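Presented below, as structure tokens, is a lone chain in the form predicted alone.
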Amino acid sequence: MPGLSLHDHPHRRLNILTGEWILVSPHRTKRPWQGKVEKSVEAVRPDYDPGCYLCPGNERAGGFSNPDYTGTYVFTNDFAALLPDAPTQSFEQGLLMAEGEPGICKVICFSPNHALTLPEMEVKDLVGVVETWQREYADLGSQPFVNHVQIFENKGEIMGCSNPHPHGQIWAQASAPMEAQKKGRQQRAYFKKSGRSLLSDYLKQELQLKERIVLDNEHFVALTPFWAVWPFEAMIIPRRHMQHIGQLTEEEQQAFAAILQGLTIRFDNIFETAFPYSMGIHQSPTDGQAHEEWHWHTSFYPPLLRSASVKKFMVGYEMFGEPQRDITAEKAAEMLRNVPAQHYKKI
């Protein structure tokens, strides 16, 4: 029996941030781009859409009007999933349990330009997005009932995004959601055992191996994590051990904006389409504790697999067993590295 090859044999990989496993089946498809690769026919969007409820000066679905903003613009979601005045009482009836969950939901428009996406924005404008994330994390986290702030973006119709205007969301709530709790537990256990950040040690190993690095700069590294679930899943990790985005220096703000642009350009260039994804920033809770164990990071979960129209579905075995993928993280990183660094629309 030959030894295990991560490039040829089915195997499971451990996600050190959650403690969960993923099944990898590299033998099923060595070249995920084989066959016809269809390019999507993208509609040309105007810089301003009078029917868009996120464009400057327009009336939103909730009846409020946007100001004529010129940079980023943040407002409280008119149809929020969380409400600040929600009762906090618990409900228990035998095995049925529930508890009230107050919170605040905000929408952040990245740009007044309706036609843009993050990879098409200038770095200086992306710095404005980063600064807004920092400000909102601090402001929302200072609310007495808020213990967790989740910054995220859903891009593209197939990720459930109902409006193409460049925007993301921020949900702040009393409880840390389950994904953040899992990552917190894993990082806390590692820090307690070693006195070091889990992601610092992981990043050190990845930089030595160089198999899964997509791009990097002086302050950040973008890579496909060893345990990646989605076909072109990626993480941006700060080289410096920081608990949250609020600790960025001005130089690190620029570097984060630059690597955000660089990674998302490579996403778009894979299939020459506006690459859909869900993106989220995981960082320390805002409960007033130090949380030295936390090392904040940004994750991208893009669903496209073989072309601009072929999506990876999490069904069947994934729903009832555990996540599974065919293309390895190493092959995905190689493909992302090898596409042009300049956006395909500008080539």
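One-based numbering along the sequence shown. Please read all numbers here as calculations on a predicted model, not as lab measurements.
The same protein has a further form, the form predicted in complex with a small molecule, not shown here; the description that follows concerns it.
Any of the heavy atoms of Gln254 lying within 4.5 Å of the small molecule in the predicted bound form?
The answer is no: Gln254 has no heavy atom within 4.5 Å of the small molecule.
With the cut-off set at 4.5 Å between non-hydrogen atoms, does Arg60 touch the small molecule in the predicted bound form?
Yes - in the predicted bound form, heavy atoms of Arg60 and the small molecule come within 4.5 Å of each other.
Might Gly195 be said to contact the small molecule in the predicted bound form, defining contact as any heavy atom within 4.5 Å?
Gly195 lies outside the contact set for the small molecule.
Exercise: Phe79 in contact with the small molecule in the predicted bound form, heavy atom 4.5 Å
Yes.
Given a 4.5 Å cut-off on heavy atoms, tell me which of 133-141, 161-169, 242-250, 220-228 is the interface stretch with the small molecule in the predicted bound form.
Looking at the other structure, the answer is 161-169.
Can you pick out, from Ala274, Leu203, Val107, Ile270, the residue that has a heavy atom within 4.5 Å of the small molecule in the predicted bound form?
None of the other options qualify; the answer is Val107.
Note which of Asn154, Gln187, Gln150, Gln261 lies within 4.5 Å of the small molecule in the predicted bound form, where distance is taken over heavy atoms; exactly one does.
If I apply the 4.5 Å criterion carefully, the residue I get is Asn154.
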